[in-house]
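Next up is one chain by itself, shown in structure tokens, the form predicted on its own.
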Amino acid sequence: MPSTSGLAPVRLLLCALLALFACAPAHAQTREVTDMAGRKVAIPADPKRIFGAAPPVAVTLYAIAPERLIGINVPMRGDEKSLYRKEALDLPVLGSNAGMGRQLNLEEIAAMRPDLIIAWLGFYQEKAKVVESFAKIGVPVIFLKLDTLDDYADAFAFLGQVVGRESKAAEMSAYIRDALARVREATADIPPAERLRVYYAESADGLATDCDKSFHTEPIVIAAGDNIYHCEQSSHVGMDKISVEQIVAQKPSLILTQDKSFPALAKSSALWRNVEAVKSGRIVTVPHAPFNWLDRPPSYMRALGIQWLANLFYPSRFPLDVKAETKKFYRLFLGVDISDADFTRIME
């Protein structure tokens, strides 16, 4: 639930804004859409000021209509700004109602005068509460379903209709479906017992991870890796704690890490040196600029991430020119042409 706390002057501002909304004429033109939660919602015919209420939503909107974003959920990292589109460089940080970022504040959102809110139809989101909260500032809400990478193909098609960019959206949807089909075809016949055993180290100490059935680790499964942490996801955030002894016992052949400092720690630790993947030096850092290729937030970057993983896990089954594919992907989804130097930095 978004926070409604605030100082008295802020509440007065909200009241003034609500009064303004009440007095203002309704949008001259509206249209009805059926969102990905199956709700029929009246939205502006051509919404110009949109807020994505959670990082997976905002990142998706960023790909197709960055100039319509009124804010972002989390601050940009300074070393990633060259990979952002210029339309997003000066956007304020407004928080989110799910996932990464501080809790959003309704008064702050109202002050930005959005004409449409797009929320995440996530596993753990209480849809009625989300609708109820944004109803307080009089802005229509539609939901985007982004549980799996397959969902992103449908989400782009839906967003394309919302912002009137159906052709661009169709191109993005087609890319995602093609990437999924090629990776699945290349790896489908690998028997479970022969799949590469992978440990996913998410924290600086390497001892936070996620279940093989968690949405956080979906790309590893799609690329036919065997995530050694077999369990059901029990929370939205994830990051379950695990011991080095548990990891040693599961004998991962490769470690994927989200933290650049982890490989050095693992190689210098007497405990970690007992892990199969550390002994063989197979610790790989997940690319994350400007958005993570696998997770946090989950996004369409996974369409590139699963190809990178399939090539990393099974290079003979899934040969890939990673540099060429990365340049193609960044041009289509992120609107930037990256240089060879950019690619090298992204992969470091």
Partner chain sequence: MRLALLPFLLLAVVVLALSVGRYPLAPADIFAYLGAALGLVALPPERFDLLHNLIVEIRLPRVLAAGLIGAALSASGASFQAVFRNPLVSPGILGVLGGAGFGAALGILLSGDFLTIQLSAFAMGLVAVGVGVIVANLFGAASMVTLVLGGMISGALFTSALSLVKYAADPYDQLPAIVYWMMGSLGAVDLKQLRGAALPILAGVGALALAGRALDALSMGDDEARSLGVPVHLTRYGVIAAATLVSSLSVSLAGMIGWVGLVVPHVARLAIGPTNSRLLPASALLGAIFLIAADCVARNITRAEIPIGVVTELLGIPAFILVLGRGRRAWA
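Because the structure is a prediction, the values reported are computed rather than measured. Residue numbers count along the first chain shown, from 1.
One more form of this protein should be noted, the form predicted in complex with the partner chain, which is absent from this view; the next part is about it.
**Q** Does the trio 240, 265 and 297 actually contact the partner chain in the model of the complex, every residue with a heavy atom within 4.5 Å?
**A** Answer is yes for this spot.
**Q** Heavy atoms within 4.5 Å of the partner chain in the model of the complex: which stretch among 202-210, 160-168, 143-151, 175-183?
**A** Stretch 202-210 is the one.
**Q** Go through 253, 274, 233, 82 and name the one with a heavy atom inside 4.5 Å of the partner chain in the model of the complex.
**A** After the contact test, the surviving option is 274.
**Q** May I ask you to choose, among 126, 189, 132, 245, the residue with a heavy atom within 4.5 Å of the partner chain in the model of the complex?
**A** The option sitting close enough to the partner is 245.
**Q** Is the gap between residue 89 and the partner chain in the model of the complex 4.5 Å or less for some heavy atom pair?
**A** Close contact is absent here: in the model of the complex, residue 89 is far from the partner chain, nothing within 4.5 Å, heavy atoms only.
**Q** Contact with the partner chain in the model of the complex for residue 56, defined as at least one heavy atom pair within 4.5 Å: yes or no?
**A** Yes - in the model of the complex, heavy atoms of residue 56 and the partner chain come within 4.5 Å of each other.
**Q** Using 4.5 Å between non-hydrogen atoms, is residue 139 touching the partner chain in the model of the complex?
**A** Contact check for residue 139: no, nothing within 4.5 Å of the partner chain in the model of the complex.
**Q** Look up in the model of the complex whether residue 113 has a non-hydrogen atom within 4.5 angstroms of the partner chain, and give yes or no.
**A** So residue 113 does not count as contacting the partner chain.
**Q** Within 251-270, which residues have a heavy atom closer than or equal to 4.5 Å from the partner chain in the model of the complex?
**A** Heavy-atom contacts to the partner chain in the model of the complex: 259, 261, 265, 268, 269, 270.
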